[in-house]
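Have a look below at one chain only, the form predicted alone, in structure tokens format.
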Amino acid sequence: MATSSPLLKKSVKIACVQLASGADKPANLTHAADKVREAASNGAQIVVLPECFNSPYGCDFFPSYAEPLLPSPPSPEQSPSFHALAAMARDNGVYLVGGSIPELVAPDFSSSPPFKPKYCNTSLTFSPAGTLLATHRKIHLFDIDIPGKIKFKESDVLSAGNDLTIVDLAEYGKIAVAICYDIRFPELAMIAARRGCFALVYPGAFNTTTGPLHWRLQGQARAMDNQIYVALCSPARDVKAGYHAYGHSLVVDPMAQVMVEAKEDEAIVYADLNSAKIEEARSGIPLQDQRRFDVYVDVSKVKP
């Protein structure tokens, strides 16, 4: 009986950079480059930045910090963040999941006027050669209202993406990239896992209301359901900002055990991922062989 090839071809070290960013975009890009260099110097081969790493997080900031990414590649003048991320990956020889940045999308002139630009919350993943591998536009927009605690409505400014993002890292295998609120929708993770990903990577900026409740729990739940690794990368907390990120960047193993977790301050957390952990989880609790697709649908095979 032939054995299937492992999801993770060889062991890899991942780093989540819990970055402190402010209002100065060029300073944010320089600071991110310094931290990516530090992560690479400590042996990381996959480096992850947080959601909205190049700007403050908030609906008031998205339009003024947004950069056009299409047609690709944009010029350095159009998108300094795109070129900064490409250089970070290339200069350090790492796969870089570039957190996310606000993206300016040109108006659709084939539609009816008025022609208004759109904005997306967009993650860019680059190869060690500095080549763009994938673009993920946040699919689920963060619209919540918890009375007396937090109200936020990304859809006031942002438009949602429409595509699941799976990235092939040639030496290692496939990862899925999604952003923050996307983690609350387990269908995305199920599809990615059943299509052969060894890890789910979520740049995110949970807040100090939902973070203590659900940040770690969501990471563990997605790992437990799918028996693969999960990495969550948050901005560092800035109590002077209008939005207080929870922090606590972490990596969870395929048995839903938290391998490493930051606190709220700026930090880099590292984890070594290996195929044996995935195989151990799946052989001990063989969910993949026990699903009842005669009773419920396999979401990974349903096309919209």
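From a predicted model like this one, the values you see are computed outputs, not experimental measurements. Just count from 1 along the sequence shown to find any residue number.
One more form of this protein should be noted, the form predicted together with a small molecule, which is absent from this view; the next part is about it.
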In the model of the complex, the one of Tyr181, Tyr95, Tyr172, Tyr119 near the small molecule [non-hydrogen atom within 4.5 angstroms] = Tyr181
Though the small molecule is not shown, can you say which of Ala176, Ile228, Ala231, Ala205 has a heavy atom within 4.5 Å of it in the model of the complex?
-> Ala205
In the model of the complex, segment of 268-276, 25-33, 50-58, 255-263 with a heavy atom within 4.5 Å of the small molecule | 50-58
Quick one: is Tyr65 in contact with the small molecule in the model of the complex, heavy atoms, 4.5 Å cut-off?
-> no
Are any of the heavy atoms in Gln220 no more than 4.5 Å from a heavy atom of the small molecule in the model of the complex?
-> no
Can Lys138 be called a contact residue for the small molecule in the model of the complex at 4.5 Å between heavy atoms?
-> yes
Non-hydrogen atom contact Phe142 with the small molecule in the model of the complex at 4.5 angstroms = yes
